[in-house]
Every structure is written in structure tokens, then in C-alpha cells.
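Coming up is one lone chain in C-alpha cells, specifically the form predicted on its own.
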């Protein structure tokens, strides 16, 4: 059994839905996880923003505009008037719910219910199209089998038990359609796995059914050696380890959500990144035992702030680091990179919500400087210290670029450098040429 996840651009129009329908009807037993149509979740967020501001008029105008998009998609997608009428009624009921929620005191519970409707509508559209074209499919409502616990983590036992029960009840059905992203929480309220959570849904489903493979279908043919938006001569990476893929996802590669990795890794299920627009492309295979002693790819993470603390107590201040890290723990702000010496420490963060409070607390420990608009360039591969030369190539590639920090040795899979925003493209290009010279 395969799990096939399709993102918003892959189901972003009637034409794209038809393409996906052909891909998933391949004669095998597949569970298909769909995101909301591209643009839908952003519009639903906009509606919620209006309702929090008690601007019901603008919220309903936005609801009407979004419904027009779906009505047009319905007429573009189906040929049977019976199907058009049936799907139009189902979609109209969804928008009726949105208008109903707009008329009452708006809460975070209502917000989560609104945000869930995009995935619900995309699966309605796909399932109806399959049936109209003579393909038997079963709609699996995610809200019936994906639940989170009190800590907000997926309840994997609940997911496995209830998903496999629903599949068993479907008998010999081969094609299952379900929603990504959405779930219920331990209180029974509609909730979600946060943005990008459809990848997570696919991985959790794959683990629950012991899938042969999890496929993430998107609009690019796998993870690339560098960001093709900034570097011309990139190429798809043939294979990655789960650790390498997680590093790339965390440090800026947008193709895969970082949380997707763990359930697949623990259950030894390969993940394949494929391109809906070019389904013949090989894509990128992520698994536990890829080739060793190779550099795979480069990623960039923007909007980084670096904070340097220079201890006023000078040498032998054994509790200095613990006090620095305690500051970040108190404000629940994670750190990306760390560079230390006897009397100072530099750290980077990408969440500046509590920056003023962090700086204020750190000033009790020493002199504090802050640099904003920085970029982390992360080189990923098998970078264990005894694999000679890789880190030297990276450093040499940026010899004419000011480097604020270098992080190497924290893991066996990356070497990271911190540069200014204005040096990002040059750094990416230089590193790409040094590590992946044109043949």
C-alpha cells in the first residue's frame, strides 16, 4: 500500500485535480492525502482575522469571493449535471457553516473549524470526480481517526486503531481519499497539525498502515542541490537519509515539512518526493541507508537574528552558559546555531517575538550585541569529521564574503555559516559551484 500526499498547487484547479486523479488510479491500493486547494487556507486565515476584529462585513465578502472560486471549479471539473448539483450542495453547506460562524462571538475553536474546511472541500471535489469517471473510491474523514493528546502530539495508537478499522470496513476498496492537516484534539474539538501538517498526516498514516512507501507530490521534481530560485545550475538530489532531509527541511528547504520525517524514519518507510507537473521525473528518495561520504544539498534560512553575549566576569565563569540558555528557556525561544568561547557566546534565533525581553535579561550577564537580517546557509550531507575536506570547500567558497558565524560538529550532517542578507545569493552560488562543479 502507498500513501500519496498532494499539496495545494497539485490540486489547485480543475485541470490539476484531473491530473492527480489519473496519477492515483494506478491499479494499486493507495491512500491519498489532500491539502486544501492553493490559496484557500490563506483566505480562510484572512476571514478569521476579520472575525477577530469583529469586521463581519469584510469576512462575509471574503467568504463570497472564495465560494465563487469553488463554484467555477465545480463547473470546470464535472460534466454531469447531477454531479454538479450534488457537489454544489455539499460545498454550499461548507460556506453556510462559515457564514453561520461569522454571526456569533468568534473564538479560537471557531477559527480551527474554519481552517479545516479547505481540506474538507478538496476531498469532496476529488472523490466526486473519481466517482463521475467510474473510479471507485472511499472517503476517509480524517476527523474520525486523527487525534492529538493533551500535549498536542498525535495519538498514534488511536490513529492506528481507528484508521485500520475504517479501511477494514471498506472491504476490497483500493482507493481511499482523506484530508491532510486537520484532526481533533483530546477535547473532541476540531484542530490541526499546524501549517505544513499535510506532510505530517501522510507520514502518520504511512506508519499506521505499515505502508510500502510514502509519496509527497508537489510542484518541483524532488529536493534540489540548492535553491533554484537563486542558483541556476541546480539538480534534483537522488537520495537522502532521513537525518539529511530533516536538516534541509529545518534550514529552509520548503519541499518537505520537518515534522514529516520522524514517523516514517522510525517505521523504516521510504519517502519519495515527486513532481505532479512532471510525474515521469525520478524525484528524491529519502530512506535510512543512502550512499555515504557525499555532500547532498545546500539550503538557506532567512530572517535570522544573532545575539552575542560577552561575559563581564571573564574567565572561569562555569555557570555562564547555563544562565544564557536559561534566558531562552524562560521565553520559550529555540536557538538555531551556537558558537562559544571562554568569555562569550553567540546564538541565532528566527523567532524575535521576545527579542527585547531576551536582550534585557542577557544584559545582566554581560555586554550584548544584536545583528538582524542575517541568513543561515546550511550544507547537508555525510559530514562526519573524518570525511576529509568537505568543510574546507565550504569555507573556501565564501573566502570573499563576510561570515558572522560558523557551526560545524554539532551533528554529522551539516556545516552552517551565517552571512548577511545581501550576501545570501552570492554565498549560495559560490558554494554550489564549489561543491557541485558543472561536468
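Only the largest set of C-alpha atoms that superpose within 1.5 Å between the two forms is called the rigid core. These figures come from a predicted structure and were not determined experimentally. Positions refer to the first chain, counted from 1.
Not on display, but discussed next: the form predicted in complex with a small molecule.
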Subject >> Option from 412 to 420, 21 to 29, 5 to 13, 427 to 435 whose residues, in the model of the complex, bring a heavy atom within 4.5 Å of the small molecule >> reply: 5 to 13
Subject >> Heavy atom within 4.5 Å of the small molecule in the model of the complex - the one residue of 293, 229, 367, 332 that qualifies >> reply: 229
**OP:** Counting non-hydrogen atoms within 4.5 angstroms of the small molecule in the model of the complex, say which of 246, 255, 269, 102 makes the cut.
**Re:** 255
**OP:** Can you work out whether the small molecule is within 4.5 angstroms of a heavy atom in all three of 217, 220 and 224 in the model of the complex?
**Re:** yes
**OP:** State yes or no: after fitting on the rigid core, is the Cα displacement of residue 213 between this form and the one not shown at least 2 Å?
**Re:** no
Original post:
Once you line up the core, how about residue 227: does its CA shift reach 2 Å between this form and the one not shown?
Top reply: yes
Original post:
After superposition on the rigid core, does the Cα atom of residue 19 shift by at least 2 Å between this form and the one not shown?
Top reply: no
